[in-house]
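In the form predicted on its own, a lone chain appears below as structure tokens.
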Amino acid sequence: MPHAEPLHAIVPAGGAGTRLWPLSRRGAPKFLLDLTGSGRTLLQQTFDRLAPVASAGGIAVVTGSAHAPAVLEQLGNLGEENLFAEPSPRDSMAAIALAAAVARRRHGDVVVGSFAADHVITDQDAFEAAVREAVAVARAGYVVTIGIEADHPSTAFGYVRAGDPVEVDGAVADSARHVLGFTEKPDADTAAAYLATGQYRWNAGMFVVRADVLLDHLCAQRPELASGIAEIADAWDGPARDEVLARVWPTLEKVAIDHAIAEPVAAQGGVAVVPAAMGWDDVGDFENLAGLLQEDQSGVRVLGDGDVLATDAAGALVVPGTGRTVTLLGVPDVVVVDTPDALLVTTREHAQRVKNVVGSLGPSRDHLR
């Protein structure tokens, strides 16, 4: 397979991470937090991870206007020209397409790749190898996704079904396969059946594609969205940016790249998957977060600084954030998140339900969101 060129990486940095409330909030979403105890936020870790595979100055971040100053503060090497501030959330397709369209105007038909700002990857070498293969396959005209090797039948992720090997310039790619389809989060029995076939990978939402190919697919699948993106991109590096952005952005369709591009193009045979085992985690809830942290001598996982006294509480997760001592007695697998204005007590088993708490907060508690 031909040597892969560097890519222009796009990092969508949005969402509030409601399953990690009250640690993660609308004003302090999870990508701006250090959730692994490494001293680097998830956004900073993403930037560090992409630097070896991206072209010089080739990492762009798309985020909400409210978070733009914090992104620039955390990523001192980003450069304002590579920050795309959205006036309002329009989902991943608009965010990725805008950054890709501007990259196309600045640099030509480069290969772009989308990588979420709030995921954890522990095997950097495996990540780089997968990205470089994806870039080479994308240069041949495919939309490429990186499929995570599933180690258990999760019901929290979507799945990618892989088919026959992909050929690039007459040679079989290292591991890329044609995508036969995408499926939404399945039930437990279906997930187990998927894994038994050996054909399915988790969909981590990583997409790599030539800018021209992406924008052509968008024109074919969502012509009105493509037209709006083109108008904004044409004005982006000129004096009319603010006026055009304010006028056109609110009219854009809210749709994920999975639905707008990946699914219909896969049905046409235009999507490939590169399987990878890279220690990936989307830090989707407190159960996932607990799995990323080391246990102390009492079997408890603690994120942050603070006094935690635990007896018979193996598997518990504590996030102390007020300076007061948190004491656990006889409560294995409990989750305690202590913040100055909100206290969460639940269990790892019920971690997926935390988002419902945020959804039930009324107007009088809107400051807690």
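Numbering starts at 1 and runs along the sequence shown. Please read all numbers here as calculations on a predicted model, not as lab measurements.
Just so it is clear, the following notes concern the form predicted together with a further copy of the same chain, a form of the same protein that is not shown.
Among Ala54, Val336, Val302, Leu33, which has at least one heavy atom within 4.5 Å of a further copy of the same chain in the predicted complex?
Only one option qualifies, and that one is Val336.
Quick check on this chain: which one of Gly39, Pro69, Gly27, Gly330 has a heavy atom within 4.5 Å of a further copy of the same chain in the predicted complex?
Checking each option against a further copy of the same chain in the predicted complex, the one that comes within 4.5 Å is Gly330.
Even though a further copy of the same chain is not shown here, does it sit in the predicted complex so that Asp307, Thr347 and Leu361 each have a heavy atom within 4.5 Å?
Judged in the predicted complex, Asp307, Thr347 and Leu361 all sit within 4.5 Å of a further copy of the same chain.
Though only this chain appears here, would Ala342 touch a further copy of the same chain in the predicted complex if you measure heavy atom gaps against 4.5 Å?
It does: once a further copy of the same chain is placed as it appears in the predicted complex, Ala342 has a heavy atom within 4.5 Å of it.
If we define contact as a non-hydrogen atom of the residue within 4.5 angstroms of the partner, is Val354 a contact of a further copy of the same chain in the predicted complex?
Looking in the predicted complex, residue contacts with a further copy of the same chain include Val354, since a heavy atom lies within 4.5 Å.
I'd like to check something about Leu50: if you look in the predicted complex, is any of its heavy atoms closer than or equal to 4.5 Å to a heavy atom of a further copy of the same chain?
Outside the cut-off, so no.
Are any of the heavy atoms in Leu317 no more than 4.5 Å from a heavy atom of a further copy of the same chain in the predicted complex?
Contact with a further copy of the same chain, no.
Scan 286-324 and write down, in order along the chain, each residue with a heavy atom lying within 4.5 Å of a further copy of the same chain in the predicted complex.
The stretch touches the partner through Asp307, Val308, Leu309, Thr311, Asp312, Thr322, Arg324.
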